[in-house]
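One chain is shown next in C-alpha cells, namely the form predicted alone.
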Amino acid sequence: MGTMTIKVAINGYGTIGKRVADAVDAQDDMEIVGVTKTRPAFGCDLAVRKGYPIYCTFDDESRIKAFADAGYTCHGGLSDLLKVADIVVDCSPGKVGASNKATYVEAGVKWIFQGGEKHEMTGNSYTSSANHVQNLNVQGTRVVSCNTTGLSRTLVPLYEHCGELSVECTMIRRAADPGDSSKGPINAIKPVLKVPSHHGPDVMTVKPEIKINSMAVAVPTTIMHVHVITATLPEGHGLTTESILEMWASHPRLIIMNGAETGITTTAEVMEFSRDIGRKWGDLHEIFVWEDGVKLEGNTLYYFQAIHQESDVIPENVDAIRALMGVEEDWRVSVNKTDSAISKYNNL
C-alpha cells in the first residue's frame, strides 16, 4: 500500500468513539474522514472543535436536517460517510452490530466492531499481543472487550513462555462508566449469575489455547474494573515471581507498581496517577498490576490487575486498523508506533 493514508470512519462518537477518533487522528498513516452521531447533542461540539466532519448515523433526510437546524454542518448519512472511507470503526452501542455489518459489507469497506458484539457475528476477534497476524488483510474483526484485552495482556506472555495455561479469574466490575447516570447498582454488590461469566472464555476467541473461566460481580464504582487471577502453570515452568514481573515489565501496555512503596493501593489512586501524569481524559491505556500482589507458589500464580474500561481498548483499535489494511505485520512495531504517536499528540 506504500505510504497511502488510511481513511477511517468512526460510527458512533461516544465514550469509545471519541477516544478512538483522537488515537487515529494522532497517527501519521491514518486520517479521520468523519464521525457519526444519531442526533445533534453536546458530542457534536467536540467533533467540531477537533475538525472531524459530522455525519448522521441514519440516511433519513429529516434526521440529517435536524443537525443543520441545531447549527451543525452535517455532511450526510452513514452511507455517504462509507463512500469516502477505507475502513469503519463501529463504536455504536452493543447489539446493533449485525445490521451495521450488512451495511458495511454492501458498501465494500472494511470494518471493526467492539467487544459488546459477539465473536460469532464478526467471525474474527483481535487483540494486539495475541493474534495480530491472524487478522492481517481480513475484511472485518472485533476488538475484544476491555476485560478480555486486560486478561490477554498479562496471560499471553505467560502462555508463550509455558506452552500451556489454566486460569480462574474473578472480575470485580464497575457498575457503569463515569458519564453514565442511568445504571446501577448504587448500594449493592451484584453477582453475575451466569456462570462462568463471558469475560474469561472470551480470551479464547483470540488465544484458544489458554484454558480460562471467570466469575463476575458488579460493584458501586465507576472508575475501573479489578481482576483477581489464579493461573496454574505447567510443571517445569522455570519461572519465579521476579521473572514474571520482569516479563510483564518488558511487555507493552502494562504498568507494574508496588502499592506499599508508591501508596497506590486502590483504583482511585491508579486513576489519580493517570491524571497526575497528564493523560487525556485521565485515561490509562495500560493494564495496572500491583507488584506486591503478585505471588508464584509452586505452579500457582496469584495476582491482581486493574482495567480502565474506557480506554484500554483504544490503542488496540489503531493496531487492528493496520492489521486489516495489511500495512504492518509485526504487532510490536504497530504498538510502538501507535503508542508513541498518541503520547506526542497528547503532549506527554
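Just so it is clear, the structure is predicted and the values come from calculations on it, not from any experiment. Each residue number is its position in the shown sequence, starting from 1.
The following text describes the form predicted in complex with ligand NAD, which does not appear among the structures shown.
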property	result
Proximity of residue 140 to ligand NAD in the model of the complex, heavy atoms at 4.5 Å	no
Interface membership of residue 38, ligand NAD in the model of the complex, 4.5 Å heavy atom rule	yes
Ligand NAD contact in the model of the complex: residue 272, any heavy atom under 4.5 Å	no
Partner proximity in the model of the complex: residue 313 to ligand NAD, non-hydrogen atom cutoff 4.5 Å	yes
Ligand NAD: the contacting residue among 153, 110, 132, 174 in the model of the complex [heavy atom, 4.5 Å]	174
Heavy atom within 4.5 Å of ligand NAD in the model of the complex - residue from 116, 157, 252, 76	116
Option from 44-52, 26-34, 277-285, 302-310 whose residues, in the model of the complex, bring a heavy atom within 4.5 Å of ligand NAD	302-310
Neighbours of ligand NAD in the model of the complex among 247-273 [non-hydrogen atom within 4.5 angstroms]	none
